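Given next, in structure tokens, is a single chain: the form predicted alone.
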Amino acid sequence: MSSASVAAENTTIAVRGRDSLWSKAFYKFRHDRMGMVAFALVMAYGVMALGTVFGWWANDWSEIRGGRFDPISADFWFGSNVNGQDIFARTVFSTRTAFEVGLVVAILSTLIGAVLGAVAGYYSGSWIDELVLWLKGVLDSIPFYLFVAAVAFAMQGSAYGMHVAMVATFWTTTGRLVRGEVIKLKQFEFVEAARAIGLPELKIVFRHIIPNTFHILLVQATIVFVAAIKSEVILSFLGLGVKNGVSWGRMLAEATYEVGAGHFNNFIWASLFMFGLVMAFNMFSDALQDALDPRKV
């Protein structure tokens, strides 16, 4: 049998094995009741955020429509804040802010982690691997919120300073996991066959190795999504996050002055919505991780 035939056969086996993993994982996830409930909740939050994008609801969050601290009523489902703004509209629009930050940071940091981790793993033991490991060590050693403050200052208060800081730090865990997986994958026969027929090394990495780490990347993306939302809330609470919009973090910052005066609506609804999304996504991530674990499928 020629080397090209061996390569084709091994690649076919690898693809079939990957398809089998995904089909078994889908079956297992579909029969995980808590996972499906969590997924449904995440989708409900997603529809809520999407509705603000298309202007269906909550785009009047900044308008002054009522009086100071109006109670819960048919006009103000969650009451109004000190400025007379609708807390319900602000809470719903903050869901869009959470998804925007979570998706941008999760996608970009996962892509960076996948590329750098795969390259480091494929060239493990070389100067390329040492350079990537050194970069990970440097970024992991910097206190996160100090780094965000430095980036925000360097970008002169840009609204994207928070995103840049998160992406620059959150990729390291993904990169480390992908590197370990690639070190194992590069010993497999389909990689050896690809080398034997003279495929360029970068093509082997991006076309044959990285696709076999998708199960890791998918789980890591969900974990980073949650971490980004929680970080955004903390940063916005401290005044380092969202600048020209509204988020649950900014609502909680407003609540620090309102709770002492006996007004709890901002605090309660921002906390409940944030808890619901983070809890649902954590449960979804756990169910996804269990479904994609090759030792369990």
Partner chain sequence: MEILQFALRKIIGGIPLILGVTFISFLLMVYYGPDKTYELLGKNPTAEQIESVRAELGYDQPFLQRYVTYLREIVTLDFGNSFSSGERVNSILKRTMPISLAVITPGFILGNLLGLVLALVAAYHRSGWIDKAIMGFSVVGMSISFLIVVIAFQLIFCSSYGLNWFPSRGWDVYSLSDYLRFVTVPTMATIFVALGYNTRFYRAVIVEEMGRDHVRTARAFGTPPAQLLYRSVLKNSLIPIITRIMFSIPLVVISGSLIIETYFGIPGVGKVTYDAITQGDQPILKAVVGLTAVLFVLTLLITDILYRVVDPRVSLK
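Residue numbers count along the first chain shown, from 1. Quantities reported herein were computed from a predicted structural model and do not represent experimental measurements.
One more form of this protein should be noted, the form predicted in complex with the partner chain, which is absent from this view; the next part is about it.
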When the contact criterion is heavy atoms within 4.5 Å, does L108 count as touching the partner chain in the predicted complex? no
Can V82 be called a contact residue for the partner chain in the predicted complex at 4.5 Å between heavy atoms? no
Would you please decide whether F26 lies within 4.5 angstroms of the partner chain in the predicted complex, comparing each non-hydrogen atom pair? no
Residue contact check: V259 to the partner chain in the predicted complex, 4.5 Å heavy atom: yes
In terms of non-hydrogen atoms within 4.5 angstroms, which of the given stretches 177-185, 110-118, 146-154, 85-93 touches the partner chain in the predicted complex? 146-154
Find the only residue in L238, M43, L50, M36 having a heavy atom within 4.5 Å of the partner chain in the predicted complex. L238
